[in-house]
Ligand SMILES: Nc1ncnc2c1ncn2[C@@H]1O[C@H](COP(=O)(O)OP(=O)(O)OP(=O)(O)O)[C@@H](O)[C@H]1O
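One chain comes next, on its own, written as structure tokens: the form predicted on its own.
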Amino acid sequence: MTERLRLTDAVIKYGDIRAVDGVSLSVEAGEFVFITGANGSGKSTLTRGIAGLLPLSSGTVERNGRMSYVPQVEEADRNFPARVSEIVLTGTQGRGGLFYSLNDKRRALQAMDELGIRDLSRREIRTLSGGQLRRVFLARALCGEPELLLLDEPCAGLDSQSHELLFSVLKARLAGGCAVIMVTHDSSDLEGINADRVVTLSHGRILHE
């Protein structure tokens, strides 16, 4: 199997505080890994470190293949003047504006169809609910045809139907060889899909796996 991620003795500090403290993790193609733990356990910090959005204080992170990261909705600027279709298109990594190709636009439409948000395509993101915005961010990530997909609390605010749709989409990507790492603090999010591994963090360390 192809290894999509190898994290070795990763440490991320905020001042003198070790938010991530010596974490090692490897993930193979087609593998679904849940990262769980209480609020403040280091889950989101670890995910941002894997994504390259936070520098490691020490240790190494190696990624193999295209990566997409879906942040928590709370990190988004809801007042940014953009429509759903525009946000989703940015995930194709095209040059933007008039330079999006027909293939880019096809991929964006396909992702919106998969997640049931094509009817929202012309809505401004400031008008969306939290659950709708989560699906927009996921559609944006899928447009990049990722081989490693990082999801930070993607189920928060989703109703049961949207929850089932999310996992249906993820199962299809896993079957195609995409590795998925999903952060959640709610153990009920694990229902409906079989994870290959569940990694529990506590105070920035792996408590058990």
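Residue indices: 1-based, along the sequence shown. Keep in mind the model is a prediction, meaning the values are calculated, not measured.
Although it is not shown, the form predicted in complex with the ligand is what the next lines describe.
Is Glu147 a contact residue for the ligand in the model of the complex, using a 4.5 Å heavy atom cut-off?
Taking the distances in the model of the complex, the answer for Glu147 is no, it never comes within 4.5 Å of the ligand.
Might Lys43 be said to contact the ligand in the model of the complex, defining contact as any heavy atom within 4.5 Å?
Lys43: yes, in contact with the ligand in the model of the complex.
Does Leu53 reach the ligand in the model of the complex, with heavy atoms at most 4.5 Å apart?
The answer is no: Leu53 has no heavy atom within 4.5 Å of the ligand.
Classify Glu31 as contacting or not contacting the ligand in the model of the complex by the rule of any non-hydrogen atom within 4.5 angstroms, answering yes or no.
Result no; Glu31 lies far from the ligand in the model of the complex.
Looking at heavy atoms inside 4.5 Å, which stretch does the ligand contact in the model of the complex, given the options 163 to 171, 43 to 51, 22 to 30, 139 to 147?
Only one stretch qualifies here: 43 to 51.
Note which of Gln72, Gln93, Ser121, Gln110 lies within 4.5 Å of the ligand in the model of the complex, where distance is taken over heavy atoms; exactly one does.
By the 4.5 Å criterion, the partner-contacting residue is Gln72.
So which bits of 6 to 38 sit within 4.5 Å of the ligand in the model of the complex, heavy atoms only?
Those in contact are Tyr14, Ile17, Ala19, Ala38.
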